[in-house]
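In the structure tokens that follow, a single protein chain appears in two forms: structure 1, then structure 2.
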Structure 1
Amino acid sequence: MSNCLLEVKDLVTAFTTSKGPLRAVDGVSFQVNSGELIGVVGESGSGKSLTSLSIMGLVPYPGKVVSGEIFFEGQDLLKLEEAEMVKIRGKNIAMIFQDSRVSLDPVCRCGEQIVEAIRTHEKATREEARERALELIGLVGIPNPARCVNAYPHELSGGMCQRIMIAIALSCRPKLLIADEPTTALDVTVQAQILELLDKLRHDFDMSVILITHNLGVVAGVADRIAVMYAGQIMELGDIGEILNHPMHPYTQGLIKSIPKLEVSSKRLYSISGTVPALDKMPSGCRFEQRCPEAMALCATVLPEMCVLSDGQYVCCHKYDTWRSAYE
């Protein structure tokens, strides 16, 4: 696509263990277009955060990107030296990490942390950077920026700390913002405010956003497209409306059924049985086969391929394989 900002192709990220390399991200491919907000959804252990860390070049040891390509504005990030990646990380691609209280320096004032981010990538005096820090603090909706700029993280609420993290991420006007579980540990009202803020800022800054979450309901009102991940692979990818209204993969269907409804009901909340398989116990066939209510014999032994549906949705499921009859 001509407006494609980021393209991930067949990404494989593995951890070296005594049992050999274990693939935590296994053949992931997707695109992010300019100005688009794409949600990456899945349970804990699905590989969502590791995919984002692979894009940023921050995979923790003993993990590493084994193969694949990550093109940002046509440049393969995996071929860059660390010094070159440092110039991109934080400036052109910024990331908001899961726990703002852990990510912020507890002994450094909030304003100074924004100033540091600005001066790392731009030629600005301390006074100029501080003025912009004040502007950013106001931009992310924090009242009384002059007081907040001198506050330490422990003096702010969780929602305020998350807004400081967003201000740091926006300090150099990135083209791509990766938000990894930005509403974790926040109450429902603050969650809605943070999501609304991210959606507003991506339009104001004309940037793309990858929003990572385990809660499909979180991205329902803000995402343009959704990638549903499970056990290191993308199970379904497509337009938000199509996936919410016409989910094709049994895992996506289960996630949607798990969203609590407003209607009062005496029924128990739906949950998908079982858990995400451990890295050293991945099935040889479909990763979801052991939990799937529609599993066939083929699913236990043959890994399904990504199928392109007529409406532009992509789904990785044997139900839609045109060649499946040959195995039956």
Structure 2
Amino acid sequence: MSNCLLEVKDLVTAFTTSKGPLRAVDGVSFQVNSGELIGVVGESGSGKSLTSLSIMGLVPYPGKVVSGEIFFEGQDLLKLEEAEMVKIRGKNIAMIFQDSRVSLDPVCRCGEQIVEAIRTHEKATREEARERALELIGLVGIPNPARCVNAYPHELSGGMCQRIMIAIALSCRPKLLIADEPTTALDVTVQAQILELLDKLRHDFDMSVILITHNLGVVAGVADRIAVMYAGQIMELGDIGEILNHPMHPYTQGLIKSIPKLEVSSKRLYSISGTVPALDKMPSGCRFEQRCPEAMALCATVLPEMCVLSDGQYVCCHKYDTWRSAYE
């Protein structure tokens, strides 16, 4: 756990509205070590995408990072000027988005889009950049790079577009890649290809990856650690095998139980009752309290703190308050 690449500390991102500030990300802290793939899992509205946009400095108006620190290689990104951030964004930290067809420029040839990314950050002639683009397209597993360089995005399938997105993201050899639901819009067979590719590339390029998804199955095969988010907060954080096999937080337990499994066939699925509370109606205590089968009186009023269960395993629940005192 020595070489920490990115450290997010108590990040709060809020939207200013007529109802007052709505804290969509509320006190999120985690670390990303070099070379690791960390999965961020959560339902829609849990703040997982906003967390990544906060890291990139791309929070859309009227949202704003209210407090917290984001250290990337020892530098607090939130204190940087926009001009300095531009140099980091796309070069050291790159991002791929969910819908690659929307994210690519429809009137610009694929190769050109990669060339543009390279020439923005590096001194390279058009020819050099073009050669690199060709090489990158081959690297992301596109069968006929020479043809693809000159193709427009609409000529390619969804999976191919996502590969082009990955090629653009990799063009400047980033140290951190944020993949926001990279496979949600794709079919299962193509999803498996893209996940395999991401896993291979992170070893080849020696980069860290933050993989954001709502599907626990997607991260299970590739991630080293996961963070489970709910309503803007991290509920559980730790080693993937540990969390999937022995979930500690009632939310994670419910989430895992509610997924239909291939091996087991039972008539009824476990389901978490109720829905995620609206942002302006967040309870003052634990945010999961209303839906939690094990809620105690304390949960309704006091916000639980992140506590350390064992080395590297964290959980945010009052059930384990006694564990914390024991560990300390």
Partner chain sequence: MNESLLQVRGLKKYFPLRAGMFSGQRGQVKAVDGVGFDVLRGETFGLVGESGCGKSTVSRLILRLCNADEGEVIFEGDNLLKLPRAAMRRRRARMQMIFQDPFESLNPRMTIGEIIAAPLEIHKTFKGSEKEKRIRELLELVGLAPDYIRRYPHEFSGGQRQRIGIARAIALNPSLVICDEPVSALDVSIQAQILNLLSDIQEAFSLTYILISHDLSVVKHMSDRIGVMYLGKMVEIAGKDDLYTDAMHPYTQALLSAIPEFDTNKKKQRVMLKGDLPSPIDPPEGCRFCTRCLQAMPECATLEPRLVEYKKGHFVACHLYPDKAAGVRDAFMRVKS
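For residue numbers, the reference is structure 1: its sequence is counted from 1. As the structure is a prediction and not an experimental result, all values here were calculated from the model. Each form is matched to the other, and the largest set of C-alpha atoms that superpose within 1.5 Å is called the rigid core.
Q: Of these two copies of the chain, point out the form predicted together with its partner chain.
A: The form predicted together with its partner chain is the one given as structure 2; the other form is structure 1.
Q: Aligned on the rigid core, do the two forms place the Cα of Ser310 2 Å or more apart, comparing between structures 1 and 2?
A: Yes, shifts by 2 Å or more.
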